[in-house]
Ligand SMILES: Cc1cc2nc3c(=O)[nH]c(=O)nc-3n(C[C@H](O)[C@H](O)[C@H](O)COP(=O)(O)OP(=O)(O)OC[C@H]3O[C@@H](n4cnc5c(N)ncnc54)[C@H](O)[C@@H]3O)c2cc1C
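Here we start with a single chain on its own, the form predicted on its own, put down as structure tokens.
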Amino acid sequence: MDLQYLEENLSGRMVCPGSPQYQESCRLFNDLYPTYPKVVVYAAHEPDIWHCLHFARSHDLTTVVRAGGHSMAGYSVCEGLVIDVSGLNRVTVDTESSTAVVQAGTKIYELEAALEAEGFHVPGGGCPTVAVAGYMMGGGYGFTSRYFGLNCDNVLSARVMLADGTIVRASAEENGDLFWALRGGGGGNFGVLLDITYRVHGLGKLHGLRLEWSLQRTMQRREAAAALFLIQERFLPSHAYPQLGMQLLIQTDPDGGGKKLIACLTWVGQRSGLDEAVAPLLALPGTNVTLSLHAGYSEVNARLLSKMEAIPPGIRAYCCSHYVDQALDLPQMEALLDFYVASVPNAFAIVAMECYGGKINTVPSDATAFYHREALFDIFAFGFFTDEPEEQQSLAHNWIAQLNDFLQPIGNGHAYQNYPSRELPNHAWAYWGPNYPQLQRIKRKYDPDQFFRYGQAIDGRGATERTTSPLYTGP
């Protein structure tokens, strides 16, 4: 390979084995599956991406795109060429049209800062260092999704560079099939996402509230289970109170106090509305209010999830995800809390529930590639572990396996594609359900040579030529 030719044509930085920055260039947020590419290119502008694609095709190099590097399954690095777009992070806000053009490498915290400066908002994830590219293409859940929809529901258009270097725009008017696929079809499947045009929403301050229940004693777990059950019955099946955002954590409190159920709540609107919505929850025995604030979204998000973010740097994790679309009964809630307390392998392992409903569930399951529109919530878990003691990794792996077995009977067989697991059986059905055949047809149309591929990439081989179907509702 003539790497010198590639480097001479780049404006960005190229890192190869032997370079001082090489080890850092290989590392991901969850460095569970160490992988060592032949070359990593940090693109400085779009022509760098074109040169990378041309070089990779000429030398038959496996190629993946990395924006934030947060793929839990390690799919944003490979043994060939990694195109890192983290430097493409410009945000351009048009206040007159309430739109924002966001480059693919933009981190959530960078997007929030640019939007909040102009009084705008688009749903963003809990982790501020996730980049918009993979987040959006996986759907993009956040605290305000019940009110404003998923991140992908707020996309007006996207620009994509295909494997042959062609740049196409995808919207409801242009390449509508690709537009359908990008919104939930998962990152790195159809081309290199260059930028996203969002519809953004006026939003000043919002309310944040954190409630906690101890899980130390059996009676306390029964009180916490009653709170879980009330949250489900009051807010989820009827899609009531869409202004209320909810993420529920079952974890060991890093500030002390042992194992807890933590409800992180946000509210868009007047405080009186929040007070009315949560009054029955506050009246339950065992409920403790540990945080109440009125601030911009980024501050509310950071402070509500501060206990989840108190994870040592460099820690690794196995993960799992299960969607639930049928209401759980109180004994099932109690059993979940009992399971966590009895089995959790260390102080870092977390079970969480992202609550759906509201605007998320008003979108038909075939209107975009994001299929999970009838879910009540997504239960996911991170089995974090450190290198010391040595058996921590096997304990975390076994705990996730046991949790999968526990959750399988109450789940609907689907999983959130933004929490990928290499060990997930039948991942295509789990992530995309009956939308997958349409994704295969679109993959074959826009990436006929299967150039963009990784362990759980959409497989367009053998797909029919048809690019419209009952699942595709675009033009």
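What you see is a predicted model, and the numbers here were worked out from it, not measured in a lab. Each residue number is its position in the shown sequence, starting from 1.
This protein has a second form, the form predicted in complex with the ligand, left out of what is shown; the following refers to that one.
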Verify the contact flag for residue 341: yes if a non-hydrogen atom of it lies within 4.5 Å of a non-hydrogen atom of the ligand in the model of the complex, no if not. no
Even though the partner isn't displayed, in the model of the complex is residue 377 close enough to the ligand, meaning a heavy atom within 4.5 Å? no
If we define contact as a non-hydrogen atom of the residue within 4.5 angstroms of the partner, is residue 75 a contact of the ligand in the model of the complex? yes
Would you classify residue 29 as touching the ligand in the model of the complex, given a 4.5 Å non-hydrogen atom cut-off? yes
Can you work out whether the ligand is within 4.5 angstroms of a heavy atom in all three of 66, 104 and 133 in the model of the complex? yes
Stretch from 191 to 199, 251 to 259, 110 to 118, 327 to 335 whose residues place a heavy atom within 4.5 Å of the ligand in the model of the complex: 191 to 199
If you check 71, 266, 368, 154 against the ligand in the model of the complex, which one has a heavy atom within 4.5 Å? 71
Contacting member of 273, 165, 242, 126, with respect to the ligand in the model of the complex [4.5 Å, heavy atom]: 126
Does anything in 414 to 434 come within 4.5 Å of the ligand in the model of the complex by heavy atoms, and if so which residues, in order? 416, 418, 419
